[in-house]
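Take a look at this one chain, the form predicted on its own, written out in structure tokens.
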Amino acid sequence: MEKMKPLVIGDLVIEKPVIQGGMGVGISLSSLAGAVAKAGGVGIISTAQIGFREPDFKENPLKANLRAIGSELKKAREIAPKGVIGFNIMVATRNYEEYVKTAVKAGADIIISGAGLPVSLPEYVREAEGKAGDPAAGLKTKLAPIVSSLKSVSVICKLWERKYQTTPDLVVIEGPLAGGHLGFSREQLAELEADTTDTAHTFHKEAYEAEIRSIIDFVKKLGEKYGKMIPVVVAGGIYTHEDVLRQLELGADGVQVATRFVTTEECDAPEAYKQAYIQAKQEDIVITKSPVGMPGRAIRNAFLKQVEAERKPPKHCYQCLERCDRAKIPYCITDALVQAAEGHLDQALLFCGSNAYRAERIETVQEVMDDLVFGI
């Protein structure tokens, strides 16, 4: 049993090269992130409507969410005092800047950011750390953009170089088999799909692995230019030890895994949500269009069937996403995801990765980490 190398992100040394993916609303909070960090990986808390349980959430969602960022990180730290814990913050979030600055001030070790290009992330982190205007100053909070193509990583890195004289500390490549919102158009997903009827779960593996290699090569050359090591981790469809080994063979430094952690005792999701994964069949996992126009992967349930047939006008606006036209959206994504987090599955959007149907039982985080890293 060959021991995997630690994942090194600047001055952070992570014993096991596994980052737990951020899952909102309310699926990866302090319990899951703390448990993963305690087990030797990187625990990630999703800020997506993180304060949905706060008493004033409906009246003032922003204030509730910003408050919950601090409280959830504090609880995760109590579980894993020496662990590496950070946040996933979507660029598409309304008031993105405030979320980033609040996470930094709360003491996040790392911010992973996608659902858009995080072009201003270095600026916001510098301002929050009191280092605005000083490109030579090192940042305590590590910066990690999520990318899906060589084009996207090139755009982000060149812009950060030009505007902030800096580079990412980590790059996350999220492929087409990931869960939730995907960084691909329906047309791109169709191109990557294999010639089978199972188009929701299979894709032209060789084509995307070539893209992964090209991204890793680009990031490696960028790191050499700056005399620093910029690790790359791969996300999307990673479920087993063999999946992890394959990404390492491609040249990745680690992996990001989300779906596998949902069916754990420590996951913040309700039991009904976890059981939906266990009960799901392969054909139940589909690509759907989210209210904001992005394709996403979810379990086809009564709710999805209902919104495909008729519009569910939102009754309240939670100020969640920057680009959302309340008058036109088919349903409120916050409401649908909160319903999921509260276990009301017939009224819920159940985001998942392509391998959700493979879940057979509830495991512990330690068991999942042992399987991913050691194959036991």
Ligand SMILES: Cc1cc2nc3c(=O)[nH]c(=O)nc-3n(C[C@H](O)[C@H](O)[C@H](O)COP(=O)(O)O)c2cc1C
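Since the model is a prediction, treat every value here as computed from it, not as a measurement. For every residue, the number given is its place in the sequence shown, counted from 1.
One more form of this protein, predicted in complex with this ligand, exists but is not displayed; see below.
The candidate site formed by 88, 238 and 259 is fully in contact with this ligand in the model of the complex, as each residue has a non-hydrogen atom within 4.5 angstroms of it. Residues placing heavy atoms within 4.5 Å of this ligand in the model of the complex fall in a single listed stretch, namely 172 to 180, out of 102 to 110, 172 to 180, 242 to 250, 215 to 223. In summary, among the residues 365, 352, 18, 359, the only one with a non-hydrogen atom within 4.5 Å of this ligand in the model of the complex is 352. Within 4.5 Å of any heavy atom of this ligand in the model of the complex lies no heavy atom of residue 31. Contact check for residue 144: every heavy atom lies farther than 4.5 Å from this ligand in the model of the complex. Under a 4.5 angstroms non-hydrogen atom cutoff, this ligand in the model of the complex has residue 273 among its neighbouring residues. In the model of the complex, no heavy atom of residue 160 sits within 4.5 Å of this ligand.
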